[in-house]
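Only one chain is given next, in structure tokens, and it is the form predicted alone.
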């Protein structure tokens, strides 16, 4: 794939408001999209995310109660994702979860775990002032958005449309996730939603500021 093909995919991508309900993404293609999320980078490599693929109509209908910006997408998208970010119980520097993660997932030896934990503690306390639950969740959500960007781009590269969604009430949606979908909201909170499928109609021409306006070279 050359540079022109990649840029063509960026021109192709748009926030699709309504999908063609008759067209479905294949299992292989959607697993590829999810794999690009799984392989996304994150600060310290801690992967503070979880993705719920909501396919059942009754579950999608429940989400409408908290998601005013997602109703048409919930009705028409081939696949619909609710992205969750970890809360401080898992992302604070001294959480048992992170120690286990470094040992079992990152496969680090004990001395490296201890060193990395100290660096991470300093990062939280001094560099970014991540000293309360709200700031830690915001930080984790920033990491989760990296996966979103990769999923949107990966989709466009194979001709699949998408729409990132923030048109929802977090409190109402987290309540639905807890009561209807079994999400432990002490551990996770919603970061964003994203819909995937095939466009029903062509979008308006893409508009962007010039490269000169958005960049400074020093």
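Numbering follows the first chain given and starts at 1. Predicted model only: the values in this text are computed from it and were never measured.
This next part talks about the form predicted together with a small molecule, which is not shown.
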- prompt: Of the options 33, 160, 163, 190, which one has a non-hydrogen atom that comes within 4.5 Å of the small molecule in the predicted bound form?
  reply: 163
statement: Of the candidate stretches 136-144, 68-76, 100-108, 84-92, the one with residues having heavy atoms within 4.5 Å of the small molecule in the predicted bound form is 68-76
query: Should residue 13 be counted as a contact of the small molecule in the predicted bound form, where contact means heavy atoms within 4.5 Å?
result: yes
message: If we define contact as a non-hydrogen atom of the residue within 4.5 angstroms of the partner, is residue 167 a contact of the small molecule in the predicted bound form?
response: yes
is_contact(residue 209, the small molecule) in the predicted bound form, heavy atom dist at most 4.5 Å: no
field: Contact flag, residue 17 vs the small molecule in the predicted bound form, heavy atom cut 4.5 Å
entry: yes
